[in-house]
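Okay, so here's just one chain, in structure tokens, the form predicted on its own.
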């Protein structure tokens, strides 16, 4: 991997150079929350944001997506994929996209996801954890791949890691904006990462997590939290790795219709409803416990289905904390 430096005074020119690739979407503040929105100027970007409400997966698997349109008796493909730049992704969200890649790019490939993924240029950015972050304990606090460029904050600019051929091309085309990295820059980079590593306030002990969940299936802690949970599905909607969806046909007229794919939530009662009227997760307790087993399932090839971004904690109206639930479940076994 190649490392270069982007001086602060060249940041705006670098930002504007990305418009040659496509429209730029970056975190901006909307009231009390952050959201990835299209931006025109570098000054619109909230470089110090903690997390957006909806993760960047919304650009690849949209909350409501028209995938086919019935017109003149024929179904037409509704795929639309324009080149875009996703600017300012945190490491945890990049890991979230890598988990989605294993789902949507494995056979059979999802053509809508693939087309949008291939036309997206990703620029990561370093961050400092807040009280909700626990990505460090899941190994998703640092991205080694899954981006084109990654910017690490320095006192007088950014240390840039180049993660793809496309990233190299952008740098080559704008070579006058970059400098070689000095020993002083590497010292600042190391100091920032050490300060960041010491700032995490939460962690999930991974040791024996899968065994703990197997043994704690009947723990009373599940029932206690299931009674607090509102079953609203917020945690699913804001999760960067949840990927359940449903497909519905919507008739516009007697001859025209659209086929939509839209987010679904395993917290909804009808999520487990199958043909014949049987529901394999009929109670809130079943659905609450299922989500924790899904997120904490460990796949040797891809890790956990949780990246520790903290969205499910921050946006839970019942103030249920993911790490605290697992700690109490583990404690109930002692």
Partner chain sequence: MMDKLKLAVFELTDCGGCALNILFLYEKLFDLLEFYEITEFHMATSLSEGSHYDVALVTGTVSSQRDLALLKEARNHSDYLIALGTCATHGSVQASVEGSIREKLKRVYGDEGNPMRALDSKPVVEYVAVDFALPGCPYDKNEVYQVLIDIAKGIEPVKKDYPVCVECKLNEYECVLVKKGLPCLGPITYGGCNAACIRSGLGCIGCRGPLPGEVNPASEYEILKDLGYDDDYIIRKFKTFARWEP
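Source: prediction; values computed, not measured. Numbering follows the first chain given and starts at 1.
Quick note: we don't show the form predicted together with the partner chain, though the next part is all about it.
The single contact residue among 151, 229, 133, 85, judged by any heavy atom lying within 4.5 Å of the partner chain in the predicted bound form, is 229.
Of the residues 147, 263, 158, 112, just one reaches the partner chain in the predicted bound form with a heavy atom at 4.5 Å or closer; this is 263. Across the proposed site, 99, 292 and 325 without exception lack any heavy atom within 4.5 Å of the partner chain in the predicted bound form.
Considering the partner chain in the predicted bound form, the lone stretch of 158-166, 188-196, 219-227, 87-95 in range is 219-227 [heavy atom distance within 4.5 Å]. Using a 4.5 angstroms limit between non-hydrogen atoms, residue 34 touches the partner chain in the predicted bound form. Within 4.5 Å of some heavy atom of the partner chain in the predicted bound form lies at least one heavy atom of residue 250. In the predicted bound form, none of the heavy atoms of residue 46 sits within 4.5 Å of a heavy atom of the partner chain.
A residue is said to contact a partner when one of its heavy atoms sits within 4.5 Å of a partner heavy atom; residue 41 fails this definition for the partner chain in the predicted bound form, lying far away. Contacts of stretch 305-322 with the partner chain in the predicted bound form, defined by any heavy atom lying within 4.5 Å, are made by 314, 315, 316, 317, 318, listed in sequence order.
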